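Take a look at this single chain, the form predicted on its own, given in structure tokens.
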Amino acid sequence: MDELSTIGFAPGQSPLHQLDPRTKQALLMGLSAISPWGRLTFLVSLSVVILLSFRAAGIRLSRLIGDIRYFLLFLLFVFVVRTVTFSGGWIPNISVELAGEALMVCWRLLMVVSMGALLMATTRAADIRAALVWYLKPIPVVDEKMAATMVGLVVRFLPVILFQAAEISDAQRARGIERRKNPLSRLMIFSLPLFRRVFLSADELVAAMQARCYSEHRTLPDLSFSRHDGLAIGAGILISLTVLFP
């Protein structure tokens, strides 16, 4: 289960681990919201901060790349679709201008996913749930505890799904899945057992929660802002201001 340390919570004493979860969630939501308008200055600044944050938290980038490799393939697909055009028949035409815009889009998406992985790796699921309850409580039409419980379950389940996907992939490679040249056939053979295991795990989790009389009305962890949270918010504001630069 050591393979889950990038996406799942990894205990530590880094400054990121000690930040209030509300601060980390506010930075994630704020920077993600303004990223569509960010250009080169914003993306470079954010990338440097994220790389330093991963290093400070003791998270290896090689492990992160391995965990999000399918998302990276999706970004490659997005880049190709937005860059390659066909004119005069089946001859592909690659536009440098379109390639630059496609690179920006993929870069923004990668930054959002990296920030989410950083949040999950440095924050306990219980703290994420408590912060979500605090954010959603002022909204009258939303059951904040139910919504926070659902998000908390997703946070806990995502590393398990990645681990199961890795197990299925290793088992299929050991049985010669590479000999099948049809990618759709390989995708179906991979997806069916993965979905089956995910649904079985979900049923087992529901049964375990019911057997333990799980209730949404639980005592939440105490949350408190500190001087480090103020510094982190200030840094986030400075990064956000780089949106004004090209």
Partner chain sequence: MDVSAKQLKRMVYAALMAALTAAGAYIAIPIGPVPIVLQNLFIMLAGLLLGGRWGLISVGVYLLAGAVGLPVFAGGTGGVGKFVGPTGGYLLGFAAAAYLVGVISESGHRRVAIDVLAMVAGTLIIYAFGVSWLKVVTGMSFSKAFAVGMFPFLIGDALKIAAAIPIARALRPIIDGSFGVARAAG
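Residue numbers count along the first chain shown, from 1. Note that the structure is predicted; figures quoted are calculated from it, not measured. For the two forms, the rigid core is made up of the largest set of C-alpha atoms that agree within 1.5 Å on superposition.
Not pictured, yet referred to below: the form predicted together with its partner chain.
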- prompt: Is there a heavy atom of R60 lying 4.5 Å or less from a heavy atom of its partner chain in the predicted complex?
  reply: no
- request: Spell out, yes or no, whether the shortest heavy atom distance between M188 and its partner chain in the predicted complex is within 4.5 Å.
  value: yes
query: Can W37 be called a contact residue for its partner chain in the predicted complex at 4.5 Å between heavy atoms?
result: no
- request: Answer for A202 alone: is it within 4.5 Å of its partner chain in the predicted complex, judged on heavy atom distances?
  value: yes
task: Can you work out whether its partner chain is within 4.5 angstroms of a heavy atom in all three of V151, L158 and I161 in the predicted complex?
output: yes
query: So which of L192, A33, V44, L51 gets a non-hydrogen atom within 4.5 Å of its partner chain in the predicted complex?
result: L192
- prompt: What is the one choice in L109, A171, L76, A99 with a heavy atom within 4.5 Å of its partner chain in the predicted complex?
  reply: L109
- request: Check each residue of 125 to 142 against its partner chain in the predicted complex and list those with a heavy atom within 4.5 Å, in sequence order.
  value: A125, I128, L132, L136
field: Core-aligned C-alpha movement of R39 between this form and the one not shown, 2 Å or more
entry: no
message: When the rigid core is used for the superposition, does Y70 move between this form and the one not shown (threshold: C-alpha shift of 2 Å or more)?
response: no
task: Please check if V80 moves between this form and the one not shown, taking a CA shift of 2 Å or more relative to the superposed core as movement.
output: no
